[in-house]
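One chain follows as structure tokens, the form predicted on its own.
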């Protein structure tokens, strides 16, 4: 089944238009990753982080893809500070990280794009429960698009003719010994996080951590097991953003039957205070997320 046919059956016309525009942007970004400059752009994003040329290019591609989508009222990118009004009469807000893990491109590791479609036409003041759909594209040996609307996440794979073919119809997470621990430097000060990481090691969990959030979560979804964590400490606080990464990906994992946590509650229960808000996150198998809360609570 091709992407337009799937969306016609499983989505509203409005959401369909947004996801088709996202898929077009992902297709273009996949091409640019193979051919464009992987060096620095000589600039910083509005959060003060150095940008790569591909970050800037991917951001432009995404905004260009949304220009004619009248359903999107505002769009907000990790590369910019403010919400951009695209259509005052639109019904949705769109958040996206156009190239998550871009520092891995020059060494040819998988990277991705993350997106979230928010209801009510705004993001600040909303919680992840306002997300109507979310997902990511993975740019690796294959280019894939993974998203969830009302049911389990699905995977589409980009074909040579430019179409997107349904390759996984129901991504579901159960239990299994696989872990992807981010921000291990925090273990120097965060004794509870260190105890949890040692638990995983001592109980012979398989380590699967790439340094990119999208490929790590994609692996959990495709393997149907595992846990991703990113805790912090005073010197090494969490850096993952609620709007652009944590909420969209938490929704995706929860739709797959997994769980998410900021250390005490679901990521989706957090109300967005500002666009640069960063939080602790754990996502994956329900029992592993529960274990994360138990260890960090001690």
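This is a predicted model, so every value here is computed, not measured. Numbering follows the first chain given and starts at 1.
Just so it is clear, the following notes concern the form predicted together with 6-O-phosphono-beta-D-fructofuranose (F6P), a form of the same protein that is not shown.
A heavy atom within 4.5 Å of 6-O-phosphono-beta-D-fructofuranose (F6P) in the predicted complex is found for one listed residue only; from 153, 90, 101, 128, this is 101. Proximity to 6-O-phosphono-beta-D-fructofuranose (F6P) in the predicted complex, defined as a heavy atom within 4.5 Å, holds among 115, 139, 118, 228 only for 228. Annotated contact segment (heavy atom within 4.5 Å of 6-O-phosphono-beta-D-fructofuranose (F6P) in the predicted complex): 237-245, selected among 25-33, 62-70, 258-266, 237-245. By the criterion of a heavy atom within 4.5 Å, residue 211 is counted among the residues contacting 6-O-phosphono-beta-D-fructofuranose (F6P) in the predicted complex.
Taking the partner from elsewhere, residue 185 is found to have a heavy atom lying within 4.5 Å of 6-O-phosphono-beta-D-fructofuranose (F6P) in the predicted complex.
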